[in-house]
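This document opens with one chain alone, in structure tokens, the form predicted on its own.
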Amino acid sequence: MVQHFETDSRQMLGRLRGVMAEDAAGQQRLDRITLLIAEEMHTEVCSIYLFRDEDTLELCATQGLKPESVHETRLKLGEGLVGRVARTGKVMNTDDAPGTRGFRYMPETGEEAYSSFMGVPIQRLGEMLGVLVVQSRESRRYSDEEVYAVEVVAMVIAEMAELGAFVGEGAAMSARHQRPVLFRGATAQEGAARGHVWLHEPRVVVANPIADDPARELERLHEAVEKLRVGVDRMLSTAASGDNEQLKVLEAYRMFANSKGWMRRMEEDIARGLSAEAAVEKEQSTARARMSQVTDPYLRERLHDLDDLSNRLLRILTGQGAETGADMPADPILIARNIGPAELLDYGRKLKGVILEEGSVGSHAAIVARALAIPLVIHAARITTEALNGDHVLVDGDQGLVHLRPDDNIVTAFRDKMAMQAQAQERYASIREKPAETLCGERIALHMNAGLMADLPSLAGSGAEGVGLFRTELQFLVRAHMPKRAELSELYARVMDAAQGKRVVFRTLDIGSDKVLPYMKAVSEPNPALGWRAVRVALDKPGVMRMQLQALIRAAKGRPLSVMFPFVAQHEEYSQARAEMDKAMERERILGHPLPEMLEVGAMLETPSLAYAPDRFYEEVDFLSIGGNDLKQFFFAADRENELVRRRYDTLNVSFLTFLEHIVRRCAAHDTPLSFCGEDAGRPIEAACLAAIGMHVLSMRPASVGPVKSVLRRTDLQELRAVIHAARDAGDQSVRPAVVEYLKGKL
């Protein structure tokens, strides 16, 4: 019996190959396919439903239902049994379709006569393309062998759709990779960009889903898996012995590469008529489908490992590596599932924007994107399976939107938006050399954030008065080993040289949480953002901090030096870190190296606790910089990486502004210089309010200096203060509506 159905599936695939080889239009191919499946399955009905948009399925071909219902019958996702299969991605097999929950009778199809129903998702790598249905009059459940045979055929149909075999009239039959698609992601770096897709890892295209010679395909699979196993073993032998996380991933890879179940399923797929590549991709699609339904993070990671391993195996089988021979477009928008900081830096400033399926607001890639001043959209689900190299793409980093293959109306609107931004930039350039002085005569110092040497040219171009935050962790994150003191000293000296006498505040190494050094032993923590990070790591493992402080002193070469410790939560932490700075200064003095003519040692206020530190702290610290991003999430107990809650808080919430005013008053009482550093400092509305409550130094990304300066120069802070106080006195939860109304026409 088993052999009989294996022969049938091979015969069915053989006939499918004939259909693929025909010089026929897309509709004719679909019609032929439904006919041959109905014949091979000995059923009265075979139908193919394809998506015309992300929520609507359309009957595109049928054998057995009324021909006039083709392209007329449509179902919403989840509607009827067909819609349910599409929504769940699972096979439905019932001997009583009318009695099954969710059944929807469609009189225009004439399907009332059919009792049995089997619906199989047509999907490729977890991307749902449609549903393949067989129905019969007799009441029976299709056997496991029959279900499997139809699943194999559905997988081949998905591959054919990917190759454009069913292009015809109507939305459901349009070329999939010519359709406009809108992706709603999340903003990780603001800005707008227009360009063409450049895939970081071009996906493998399976051009031969049906096997010519099953025995040869089995041989190819075994040879490729052996190469894969050797490669994984080689990676394991060269992995850093102390890197437990990397070793765990590679051990998982080896487990999957040697999995007898994985191998057996692929061998069975080949026996039923698939090529080696198609068999691998069928298992990969199954893993992707399961991945979307699994909530356990460990299981998701393991399925992700299997997915990655399948990609490696496909590249071995097809010879399609990352180097495809395609030329990078002149205006590349990089698309990837995820990407590390070193890989992103390799692309450099040639990129116009970045789109990731995964990523996070505080990820290494986001930090580099900010440094490169290019828009970054994250959580653009499934874009790597939809986009092709060279596709036209628009990135709206302000809204977290991506328009892939946009229509003319969208392009026109987007072009207008970019033109308006360009005009605004011209306006900002005209005030570049002018101070950020308000209408009431208050002077606000605007500084820029940086983390790379490539950022420093923006110091002059943006009109910033200095570097309020230089992130030093990027130099540690992009290397496979700890940088040497001499390397760091040379880099820091070049930063100070490029600043040409303007103040640069160096933040010491801020690692932990989402920023884990590749050569540092990872620590498993239930909540890393509230755990062992930044100054806590430095004080517990002071060797790296001492080396970095010495490098900074030597880089100064007698010039003024400003150093800031991150994530200080207690006075004692600052005192201990300051003591390490004093020791480094003394050591450099003994060694005969020139000391900075002036040394400022500050702290980042990122936890509410530091706002209530003893007066002695405010007297000892040379300056304070509010780290707005972290402070806000801790104040509101809302994780900024969690999409479910990150939008629940507002910088202009009355409680938060009142808290910031408390800090301003404490610093004023002790003559402690204060600045605000973070994304909010670069948003004109928020920046104006921060200035109004007494923040006279703001540090932001270079591109924000112009917009913020423009608004400040047209604002009377005394009037704005009155607006803020009036909204608070009125009991408003946020002053935003009142402030926006006041600033109307100034933005």
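Numbering starts at 1 and follows the sequence shown. Computed from a predicted structure; not experimentally measured.
A second form of this protein, the form predicted together with a small molecule, is not displayed here; the remarks below concern that form.
Heavy atoms of every residue among 473, 628 and 640 are located within 4.5 Å of the small molecule in the predicted bound form.
Exactly one of the stretches 418-426, 463-471, 111-119, 381-389 approaches the small molecule in the predicted bound form with heavy atoms within 4.5 Å, and it is 463-471. Interface residue among 455, 277, 510, 159 relative to the small molecule in the predicted bound form, by the heavy atom within 4.5 Å criterion: 510. Listed residues 604, 132, 152, 266 were compared with the small molecule in the predicted bound form; 604 is the one with a heavy atom within 4.5 Å. Contact annotation: residue 677 falls within 4.5 Å of the small molecule in the predicted bound form, judged by heavy atom distances.
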